[in-house]
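Form predicted alone, single chain, as structure tokens, below.
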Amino acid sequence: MQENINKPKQRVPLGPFDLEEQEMRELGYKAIDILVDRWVSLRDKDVWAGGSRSEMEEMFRESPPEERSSAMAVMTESVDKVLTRAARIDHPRFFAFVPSSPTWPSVIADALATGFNIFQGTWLESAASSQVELVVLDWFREWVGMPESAGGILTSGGSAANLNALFLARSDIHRLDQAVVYLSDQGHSSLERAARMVGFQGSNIRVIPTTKDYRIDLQLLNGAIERDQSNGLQPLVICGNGGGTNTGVVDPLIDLAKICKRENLWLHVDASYGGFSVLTEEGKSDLRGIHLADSVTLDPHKWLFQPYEVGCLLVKNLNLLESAFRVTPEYLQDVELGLEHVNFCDRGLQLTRSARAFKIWVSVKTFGMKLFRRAIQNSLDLVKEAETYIRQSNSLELMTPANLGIVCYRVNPIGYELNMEELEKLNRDISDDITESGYAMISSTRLRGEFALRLCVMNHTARREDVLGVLEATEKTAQKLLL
């Protein structure tokens, strides 16, 4: 049904929060100008522009105003004071933590979905955007190789998807105090948090050590399962890494699937970090066996280049997902339109939820999958070049090889014979110095207790000179600090 565009407009009194049409347009045009100006000048900006809590308190602590102000004045001042005082996560030289660099069409699509104020909890209120999410979920399902019986839901992020997955895995357990979940010591923190939230006892959350290549140790895992069974506990879930946040390493998913089949356990693969690398041949090889999982977490705001917030949970048994979450209160009796009409409130925690798939759909339709594959492969290639540079350097030491866009290293110059404490202080100082300079941003981690610098490339605008430039800056900063 189309709206009657020829119907004459009627002048109605403005409500308390309405703006005049011209003011609305000017505000919107100004917002787009601000975003485009930021977008095209981003490479020339500092990567980090944060501040201390005391600085922020001084800037913002005030009572809310009683009277109205100019919307234009408030927006421009707020952009300058608030939105610019942050790390620029989408900067080409932001290689800290897990970068996010959305496409421009996805940003505009997200703004449009917000402006249209779509409520996508039920089909009745969001038919087209619900269908778009079903299409996008099928794309994801096909990419990771899960069966047609699989399905899922888009969430706010990987943490929420992990929470939903563990709730689903434990939904039929009557004695949750006896249930055991197994994680790698390289598993994301959200897995342990989710396990606690859904009711696993802290003493029944097993953190399994990894081998020298940071993959879960299968021998130790099998031993832990056997001990728990002999002690009257109920092994329930194994969480495998589909690209660990520390190192990018993927657990042996096929072997984990065999253990789960043998012991009748649930296999959850947290591929929030690396999952979309399956779009490349290299990533598909690294993630062999992901299709065998009972549930998989993905994060489109990482390697599918979407704005925050959007994650994804895929589940092999879609009926199980819907039966675990479906609730039918009287006030929603009007939304039951038949099983072929999907109410996404039946697939997860949220009733009120936005049209998260729209930006993905617009972005993919705009650029096509060939460009997405090329962008992901470019990240993989750049990190391999970084590894080569580190190996050839006299002052940099490789700590983990390139894996799915991540390489870990540290400054350990030949001839200085620094001890562990001295090495840590030097590398901390280098990381801080580079960040404070505004040129780039890297982050640190610990590997087997040793301090390491971690370079993560997921930005589709990053170039070879950006990645190698950061390593060169690391060497130069080390030379300056060691003088």
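Residue numbers here begin at 1 and follow the sequence given. These numbers were taken from a predicted model, which means no experiment stands behind them.
The protein also exists as the form predicted in complex with a small molecule; that form is not presented, and the subsequent description refers to it.
The stretch from 342-350, 390-398, 126-134, 182-190 that comes within 4.5 Å of the small molecule in the predicted bound form, counting heavy atoms only, is 182-190. When contacts are judged by a 4.5 Å heavy atom cut-off, A71 does not count as touching the small molecule in the predicted bound form. In the predicted bound form, F95 stays away from the small molecule, with no heavy atom inside 4.5 Å.
A residue is said to contact a partner when one of its heavy atoms sits within 4.5 Å of a partner heavy atom; K302 meets this definition for the small molecule in the predicted bound form.
Y273 belongs to the set of residues with a heavy atom inside 4.5 Å of the small molecule in the predicted bound form. The partner is absent here; in the predicted bound form, the one residue of G151, P307, G157, G289 having a heavy atom within 4.5 Å of the small molecule is G157. N162 is the sole member of S277, S295, Q120, N162 with a non-hydrogen atom within 4.5 Å of the small molecule in the predicted bound form.
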